[in-house]
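First comes one chain, alone, set out as structure tokens in the form predicted alone.
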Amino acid sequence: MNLFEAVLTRRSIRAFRDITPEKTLIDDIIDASRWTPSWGNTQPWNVTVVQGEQLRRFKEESTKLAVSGAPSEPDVSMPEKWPPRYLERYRDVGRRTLSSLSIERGDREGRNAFYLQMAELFGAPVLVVVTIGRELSLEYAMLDAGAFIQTLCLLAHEKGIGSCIMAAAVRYPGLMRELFNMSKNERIVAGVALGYRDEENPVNTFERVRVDKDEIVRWVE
């Protein structure tokens, strides 16, 4: 698989197989991701890799919090409002995801069941938590952390490991700090679910959409 293929074929995986990748494989992917470019080579990211019993406990406790209706308190605020064209893209992928699972618009029970799967990381056996120091400029550090996450996901894809970048994974940072012994001095940015994808699940095969390049590209000569 060349780089173009990796970029064009990587997708967010929302159903994982119950097989944990070798620790050495995940470690090699993260090791290579260190070469992600960053502002002034500051490399502001830190990584916590969780699997096994601690990940099971996290999924269980996250699900309990979600069911109880506990409010999300992420270290990085989620956007509360989108301009119309971005909101439509967001809604479109939501419709495609739920439709692939035959969950209709009025099926509240089906939707709630899917949202609880998010708390369980869609069954992923590995969670990579990316953090940045609180003393850093959030905008630039987030840019660098995003580049690191993209590199991680593309390298994982090249090795046959599926990924899903999940804001939902970091809704309860207090729980993460308690279970994973993470410092309060680190701002929890995002979680990346990793594992082998379930090839037969339609949620991993529905058609993906991107806007036409003419809508986002402007040439100046």
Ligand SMILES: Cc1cc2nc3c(=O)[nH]c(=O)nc-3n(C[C@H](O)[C@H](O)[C@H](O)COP(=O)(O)O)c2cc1C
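One-based numbering along the sequence shown. If you're wondering where the values come from, they're calculated on a predicted model, not measured in any experiment.
Heads up, the form predicted in complex with the named molecule isn't pictured, but that's what we're talking about next.
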With heavy atoms only and a cut-off of 4.5 Å, decide whether R17 touches the named molecule in the model of the complex. no
Quick one: does L116 come within 4.5 Å of the named molecule in the model of the complex, counting heavy atoms only? no
Tell me, yes or no, whether R210 is in contact with the named molecule in the model of the complex, where a contact means a heavy atom of each within 4.5 Å. yes
For F122, is any heavy atom within 4.5 Å of the named molecule in the model of the complex, or not? yes
Sort through 177-185, 43-51, 160-168, 23-31 and report the only stretch with a non-hydrogen atom within 4.5 Å of the named molecule in the model of the complex. 160-168
Among L136, V76, V93, A147, just one has a heavy atom within 4.5 Å of the named molecule in the model of the complex, namely V93
Since the partner is left out here, which residues of 2-23 would have a heavy atom within 4.5 Å of the named molecule in the model of the complex? R10, R11, S12, R14
